[in-house]
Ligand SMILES: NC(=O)c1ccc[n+]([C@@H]2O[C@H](COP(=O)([O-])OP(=O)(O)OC[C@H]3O[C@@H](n4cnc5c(N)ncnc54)[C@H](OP(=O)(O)O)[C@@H]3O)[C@@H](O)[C@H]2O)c1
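Quick heads-up: it's one chain on its own, the form predicted on its own, in structure tokens.
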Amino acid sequence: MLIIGATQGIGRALAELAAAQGAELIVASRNAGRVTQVAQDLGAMPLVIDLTDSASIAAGLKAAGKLDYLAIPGSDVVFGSFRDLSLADAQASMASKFWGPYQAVRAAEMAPRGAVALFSGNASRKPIGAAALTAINSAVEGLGRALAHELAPVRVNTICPGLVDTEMWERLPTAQRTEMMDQAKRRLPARHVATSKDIAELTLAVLTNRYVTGTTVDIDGGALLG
């Protein structure tokens, strides 16, 4: 299994879960120092892959060899409203979250019955005032459906998380982050905000279930209900 974006958040949780279940694991990130440390912690093979660099993607996937499973939770997205977000930031976000995974799957040598997990987010169907993010997530989901058809019998699915309490939110002041999470818990039907482990558990189940392909799998605490 190759996980691109394995040094933090959902990717790190997925790597830990896969390692605990005895997977032959390859962890990848654009940060050489962090990915080396994660590989040492988990007994995995480290690779440096930058999803915004075509040469890095090609070299990394070649080094990975034949894969049973490929998961790509890692991306670098800039949030902002349609009027405020610069075109350069919108294009860079698309390059990281859409074109990076697109190239990675294209470069991957997948086992005939292998599986790929792409990652979107529920802004694809519930816009949150960030038009570029909505468009990118929608594009990822469309790509997943198309690849499930074109690459069959390799299975391709898209994991679509709602709010997840990850390191991404550490940029907020502690009080603001706590209040945001508490408000979400009161609002969501599940009365729970996902941890990275919650998303990782579902991702591993989808990757290993031989009858799931071409789907977008929501894990959002019921956010799309209203």
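In this text, residue numbers run from 1 along the sequence as written. Nothing here was measured: the structure is a model prediction, and the numbers come from that model.
Form predicted in complex with this ligand: not shown, discussed below.
In the model of the complex, no heavy atom of Leu14 sits within 4.5 Å of this ligand. In the model of the complex, none of the heavy atoms of Ser93 sits within 4.5 Å of a heavy atom of this ligand. With a 4.5 Å cutoff on heavy atoms, Asp68 does not count as touching this ligand in the model of the complex; it lies far away. In the model of the complex, at least one heavy atom of Asn31 sits within 4.5 Å of this ligand. Annotation for 200 to 223: no interface residues with this ligand in the model of the complex [heavy atom within 4.5 Å].
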